[in-house]
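The chain below stands alone and is given in structure tokens; this is the form predicted alone.
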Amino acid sequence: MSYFTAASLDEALNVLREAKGKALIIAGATDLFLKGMPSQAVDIASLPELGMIVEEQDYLSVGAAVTHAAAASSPLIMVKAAALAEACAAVGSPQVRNLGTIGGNLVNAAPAADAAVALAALGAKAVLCDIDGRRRVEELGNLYAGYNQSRIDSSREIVLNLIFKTCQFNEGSAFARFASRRALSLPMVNVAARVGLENGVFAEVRLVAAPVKPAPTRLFKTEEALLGKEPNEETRQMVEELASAEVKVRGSLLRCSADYRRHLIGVLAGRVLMAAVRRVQDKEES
């Protein structure tokens, strides 16, 4: 295998173009050995334009090469997109968080990737560029072809950044996961929420759970039932029941049964919902 460190985005795209499908984009490369070694690896981790976290008006742009550690410690993300900071802080181990990237978390296409679940709840979209210089914006769900299968062809295109609307004064977000241990363990379940409150009731809700389907999965029925409701203990209990009933999940002899996973999704859905609400309330009280 040959290894090439790109000095610019144009250089990386040129290498891909000349390799004609035999080169592969890498950044943190924490899962490279699991995926199989390419003939040529093109490292884009050090490209400045892919490592930026920028707020423009009411939107946040997070570069695809931003590491989990950088996202978890970013004051901008912690304030404007708390769910993403919490998700990135839960990934792997310190070593993995310091190497693994936001873009890689998506391209890897794991059904319960922590950052991807938080990004889906935040309503993020991915910006990609192919070897011909064409750019496009995709919904996150469109990037998954199946379990651990991505529609992103890393021999022909590069994820540039993720863009999403920041949480405003009346909005909050939160993330939670449940795993057999605190580090180096895939989650049995992870859930993220983004809420908007008006006049003390839910005006907007995005609730995402995994692993349910190949991609992070919105719980539309549960979201709809919350609109117009007050955020209280009765509502939290309602969310637990609705979220558990809405999902169809698979069990595993090595991890947990389907019934237990459904139960966990309900419990975590209630928790992240109320945690997101508390962030709105904290802003109102400060």
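From 1 onward, residues are counted along the sequence shown. Everything numeric in this text was worked out from a predicted model, so none of it was measured.
Below: the form predicted in complex with a small molecule, not depicted.
Visitor: Just one of 204 to 212, 69 to 77, 84 to 92, 138 to 146 has residues with a heavy atom within 4.5 Å of the small molecule in the predicted bound form, so point it out.
Guide: Of the options given, it is 84 to 92.
Visitor: At 4.5 Å by heavy atoms, is each residue in L24, A64 and G103 next to the small molecule in the predicted bound form?
Guide: Judged in the predicted bound form, L24, A64 and G103 all sit within 4.5 Å of the small molecule.
Visitor: Have a look at E241, D31, E49, E230 for me and say which one sits with a heavy atom within 4.5 Å of the small molecule in the predicted bound form.
Guide: If I apply the 4.5 Å criterion carefully, the residue I get is D31.
Visitor: By the heavy atom within 4.5 Å rule, which residue out of A174, V189, I158, L122 makes contact with the small molecule in the predicted bound form?
Guide: Contact check passes for I158.
Visitor: Consider V195 of the chain shown here, and say whether it contacts the small molecule in the predicted bound form, taking contact as heavy atoms within 4.5 Å.
Guide: No, no contact at 4.5 Å.
Visitor: Would you check, heavy atoms only and a 4.5 Å threshold, whether L219 touches the small molecule in the predicted bound form?
Guide: Because no heavy atom of L219 falls inside 4.5 Å of the small molecule in the predicted bound form, the answer is no.
Visitor: Using a 4.5 angstroms cut-off on non-hydrogen atoms, would L99 count as touching the small molecule in the predicted bound form?
Guide: Taking the distances in the predicted bound form, the answer for L99 is yes, it comes within 4.5 Å of the small molecule.
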